[in-house]
Each structure stands twice: as C-alpha cells, then as structure tokens.
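In the block that follows, a single chain appears as structure tokens, in the form predicted on its own.
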Amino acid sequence: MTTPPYEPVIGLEIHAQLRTKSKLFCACSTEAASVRDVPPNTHICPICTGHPGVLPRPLNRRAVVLAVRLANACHCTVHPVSDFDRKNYFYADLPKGYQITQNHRPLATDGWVEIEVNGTSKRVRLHRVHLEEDPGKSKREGGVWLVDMNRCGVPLVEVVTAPDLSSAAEAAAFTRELRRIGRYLDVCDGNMEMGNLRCDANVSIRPAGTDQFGTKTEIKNLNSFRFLEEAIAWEIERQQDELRAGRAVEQITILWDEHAGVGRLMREKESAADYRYFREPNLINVHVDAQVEADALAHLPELPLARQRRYVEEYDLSQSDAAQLAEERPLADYFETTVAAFRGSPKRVAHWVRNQVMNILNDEDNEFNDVNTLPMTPAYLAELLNLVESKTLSETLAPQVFQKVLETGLSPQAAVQREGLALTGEDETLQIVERVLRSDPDSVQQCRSGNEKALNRLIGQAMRLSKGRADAKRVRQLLQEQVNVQP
C-alpha cells in the first residue's frame, strides 16, 4: 500500500519582551533581562517573587502602549477593554504558582502579517496579541538546579498565529518579519540570544490536500532562527515516520536539544483545562482609551517590508540589496537621508552603505557599532559621493577619504584638502600620460596592435604615478588617443 504524502500545518506562539524600564506589576528594573552579566536575583522584590500577601502594583502603562503599537502594525483589532487571568502551573522558576496573562479577553485579535519566502508573498493570520508577565529562569549547573528570578514579572507581548504556515522556512520567515517589525517600532529588542524573543512552535501533519488537522506537538523556547527551522523540520520528519510505521502521533511538548540536533520529551502536553484559567482578582480591566491609542500610533514608521519593496520600485535596487538596507530602521534611515542629499543614483549610495558603512559597523575590532554615532554621517557620505560625482575626487581614493573621516571627524572636503587627494586637472593628467608613454614604448607598441592587457598596464602605471588622484576613465581616453587605439 502506498503511503500518502503529508503536508505540515504549523502555528507559532512568539513571546517578545517589551522595551520598558520596569516590570509589568512592580517597579523592579528590567535591565537584567536585557543586559549580560547582571548578577542573578538582584532585580527582584516581594511582588515579582510572589511573597505571601503581596498585591501587584498598577499595570505598567508603557507596556500597554507598546503592545497596542505592535497590534496595530499587525492589522489587529485592539479591544477597548481586556482582562488579566491566572494561568496556574508549578515550576521552580514560577514563584507564585501561576502566571498573570490574558486568556479569555485578550488585548487584540484577528490580525495578519505578510511574509516573503523565495520571492513568494504570503499573508499569515494572527489569532491574538496579548500581554503577560515572564516567569523566571532555571538552569542546571554543577549537578543542581539553580533559579534566577530576575526575569519574573518582565512584560511580554505574545503573538499567536493561525495554523497558516506550511514549512519550517515559512515559520522562520514569519519570526524574522515579526522581529523586524518589533524593532522598527521600538517595541522590543528582539535579541534571541538574551531571551528577548522566544518562539514555541505547534506542529502537525495531515494527508496532503485534506482539511482535517492532525495531532499537534509543541516545541518550546526556540531562541534562534536556525534552531527554529531545524527543530520544525526534525519534528515534521519524526511525525511522518510515526504515521508511516502505523503509530499514532501523541500530543506532547518537546524541548529542542541544539547540540544533538534532536527533540527531547519535555512533558505530556497540557490542555487549557490543565492550566485552570480564571480571572485575576487583584487587577482591574485594561482600558485602551483614546490617549493610549494616540500614544501607540504616534510617529509610526513605514514598516520594513513596505520599505523594502519601495526601494526596489523607487530606487531600482535588487531584492537582496533592498532587503539588506531595510533590515534595520537606523540603517534604512541613514541610507534614505544620504540619498536625499546626493545628486547621483541611489544605487551608488546603496553600494557604499553596503560595502563601506556596514563593513565598519560589523567589524568587531572597530569602535563604531551604531550608525547613529558614526563620524561618517549621511550628510558627509553624500558630500563624499558628490565629490566623486563632480570629478573632484577619484573613485579610487574615495575609500581612503572615507577612512580619514572616520579617523579625524573632518568633513570629506576638508579631508581631501588636508591630504592633498583632489583629482588631477586635465593638464596634470596629460603630463602623467605622456611620462608613461615615454617610459614604456614596448607596451605602447603592443597597444597599437590592439593588445588590451598592454593598455591596462599603461593605465595602472599612470594611476600609480598619480597616487590614485587621476580619473581612470580620463586616463584611458588620453592613452587611447595618444597611441591611436580606437576607443
């Protein structure tokens, strides 16, 4: 009997830490959840560690504003009134024995996010966007379990998708796009290594072309795009093997072992009834009034995918260049500010941002890692490119001027003048060409025979003699004229 082909059905639950200074229901700092090497159990108080008899402080308004901001960007319906619930379960890193979350009446519902995978667009529906507090963090060290409560009470926004994803690649693309949106909006840092963004994947398979859902399993706390893609691909294959062997897929929760590249059974999957949700009695309703909505929508930027597509249409950039330049909002702003001040093609700006600016920012040995503090400002980069465009500076020496600006903070014009790097004039260029022709008659003769390598050799000599200050195109023209080689 032929085994029918299967198709995956995937939904995601993504938890993003909101960019607030304090926790959701107390005044403790969230720094320990965002910065490395903070001592454990130092940013805690009786409220976030669940001491008996304590009550939560009023809800962090900034967290609500940021969650509403993200929900609007994801085309969700934001509800004027929502509630908090208790989600009851017992882990060592959950000191209260329950998590404060939103279950019955979430902050927002019914949105969507558009993604692109291999040039194909897809709209992924969202079931809900809601607020909740983070539990603590536990780890095994030296044969014992250690618990750090610094993360307890840190505000999270959870985004729950519909089961619209059909491959590991699509799941990774959605997570990347949501992270990109969150960072553009300044809603979250999205640092997966620090746990600022975590993903749970619900995976099932079914016979291809059918509508019935299979039994789903959950993969917990995936903290990198690579692990997310690997874990989902592994689980799809595991479920296919189970069904082909005549066994049923069981509803379980899996913890991904990134070192071994396999999933480990974490526990039997709970249902909603196991969590015994009920309304949080110590908190009033969440009200999204007109002022909260206005604060959330103030200064909303163009979203990354729309910006990326505009770069292709308006600036005629390739898909890969547009995606790279639109990836982070500060870099995209830098690029567009430079384009606005430059008299030439946006493609030239894109080339310089990708090959000079980004190389500097990505160099670990360099002191510059923030485009907003780079001495080569957008105005300076436009000035540098305008010098090249106006034939004041050669293309060859422009990177040298770029480096001088980084080292000194001088403007490109001032750096060119101080270093004597201005392009040679017509008379000086002609003198250099004549010197080269006199010094290498053999190459001249070969040029007259149509030898392109000999011409390039003469051009190289002229550029060395001018110390890169000559215009290479003009040097070629003059050499061709002098040796009677047709252009």
Partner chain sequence: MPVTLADVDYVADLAHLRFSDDERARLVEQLNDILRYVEQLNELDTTHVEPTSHVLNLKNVFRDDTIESSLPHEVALANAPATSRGHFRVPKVL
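The structure presented is a predicted model; accordingly, all values stated were derived computationally and were not measured. Numbering follows the first chain given and starts at 1.
Only in words, not in the display: the form predicted in complex with the partner chain, which the text now covers.
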Each of His43, Pro58 and Val286 having a non-hydrogen atom within 4.5 Å of the partner chain in the model of the complex: is that the case here?
yes
Residue among Val64, Leu437, Leu421, Leu455 with a heavy atom within 4.5 Å of the partner chain in the model of the complex:
Val64
Of the options Met376, Cys76, Val353, Met149, which one has a non-hydrogen atom that comes within 4.5 Å of the partner chain in the model of the complex?
Met149
Give a yes or no for Glu389: in the model of the complex, does one of its heavy atoms lie within 4.5 Å of a heavy atom belonging to the partner chain?
no
Test of understanding: in the model of the complex, would Lys139 fall inside 4.5 Å of the partner chain by heavy atoms?
yes
Taking heavy atoms and a 4.5 Å cut-off, does Phe90 contact the partner chain in the model of the complex?
yes
Using 4.5 Å between non-hydrogen atoms, is Val339 touching the partner chain in the model of the complex?
no
Go through 43-51, 457-465, 444-452, 428-436 and give me the stretch that gets within 4.5 Å of the partner chain in the model of the complex, heavy atoms only.
43-51
The partner chain in the model of the complex - contacting residues of 10-47, heavy atom within 4.5 Å
Thr20, Lys21, Ser22, Lys23, Leu24, Cys26, Ala27, Cys28, Ser29, Pro40, Asn41, Thr42, His43, Ile44, Cys45, Pro46
